[in-house]
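This document opens with one chain alone, in structure tokens, the form predicted on its own.
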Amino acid sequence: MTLKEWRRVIEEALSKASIDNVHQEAKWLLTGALGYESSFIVLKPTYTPSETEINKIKVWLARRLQGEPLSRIKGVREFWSLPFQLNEHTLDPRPESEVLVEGVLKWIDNGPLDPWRILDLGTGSGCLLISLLHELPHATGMGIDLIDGALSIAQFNAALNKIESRARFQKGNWGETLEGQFDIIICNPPYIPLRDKDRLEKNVLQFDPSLALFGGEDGLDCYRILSKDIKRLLSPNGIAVLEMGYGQRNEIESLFKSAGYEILFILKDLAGIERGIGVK
């Protein structure tokens, strides 16, 4: 079969499995499996894949039909227009988290090229820290994570995106072993309440690490820790930007105000959902 025919077969299979956006998904699956740019399907619709390529297409399609996200199958996710390798220890970065990077950059607001010192607590794939370092060429940063497998992939991603000389990664439990102060602290903590576990999509439960998802019974356990750690680690004129879950704004605002913070702004994602909070 030609690529055009394979695309039609894949679209039909995805549609029967009730997977959304089948046209784009089929395109991504085909080009990912074959290792080509997405334009290849348009430019070479009569291309006939080899037997090896066909076997890979079939394997990828079978995995996708089982609910595995394409980013997991490919082992890479684009975030802030940069590539990030994933493994079983890292959260699959969501586009919504890009508002944290936007919030930091808006706060800086094209000011002087200061040598910002950035701390990413719970760095995972390193997407937040690396994206900021990519935008701020005079900045340096540190990523903290409890899991060795996450730290190794974050280090790889720093090299992949050519900022490894300005980033280092260290094992730790939030900020408990850290000393010194940072101008920018960024964090996407686990915030899903355990009581909501049964409501999550199957692919999230199956393929994202639970340690990166659940923040205790009410989802706020990590914020309670962070409100103490950040106070000690944030420079006098610094800012901390944290992601938060749907409907958590009031509780998180109250928690940080009680700990002596000033609330600077609330960030909304493209769907209008309150997704991040800036404090100092």
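Residue positions are given as counts along the sequence shown, with the first one as 1. Nothing here was measured: the structure is a model prediction, and the numbers come from that model.
One more form of this protein, predicted together with a small molecule, exists but is not displayed; see below.
Chemist: Is there a heavy atom of residue 127 lying 4.5 Å or less from a heavy atom of the small molecule in the model of the complex?
Modeler: Looking in the model of the complex, residue contacts with the small molecule include residue 127, since a heavy atom lies within 4.5 Å.
Chemist: I'd like to know whether residue 103 contacts the small molecule in the model of the complex, with contact meaning heavy atoms within 4.5 angstroms.
Modeler: Although the small molecule is absent here, residue 103 would stay clear of it in the model of the complex, with no heavy atoms inside 4.5 Å.
Chemist: Is there a non-hydrogen atom of residue 190 within 4.5 angstroms of a non-hydrogen atom of the small molecule in the model of the complex?
Modeler: Yes.
Chemist: Check residue 147 for me: does it contact the small molecule in the model of the complex (non-hydrogen atoms, 4.5 angstroms)?
Modeler: Looking in the model of the complex, residue contacts with the small molecule do not include residue 147, since no heavy atom lies within 4.5 Å.
Chemist: Taking the small molecule in the model of the complex, would 82, 131 and 158 all count as contacting it (heavy atom within 4.5 Å)?
Modeler: Checked in the model of the complex: no contact with the small molecule for any of the three.
Chemist: So the small molecule isn't shown here. In the model of the complex, which residue out of 91, 73, 142, 151 has a non-hydrogen atom within 4.5 Å of it?
Modeler: Exactly one residue meets the criterion: 91.
Chemist: Give me the residue from 239, 33, 212, 61 that has a heavy atom within 4.5 Å of the small molecule in the model of the complex.
Modeler: Exactly one residue meets the criterion: 212.
Chemist: Using a 4.5 Å heavy atom cut-off, indicate which stretch of 159-167, 132-140, 196-204, 115-123 touches the small molecule in the model of the complex.
Modeler: Among the candidates, contact is made by 115-123.
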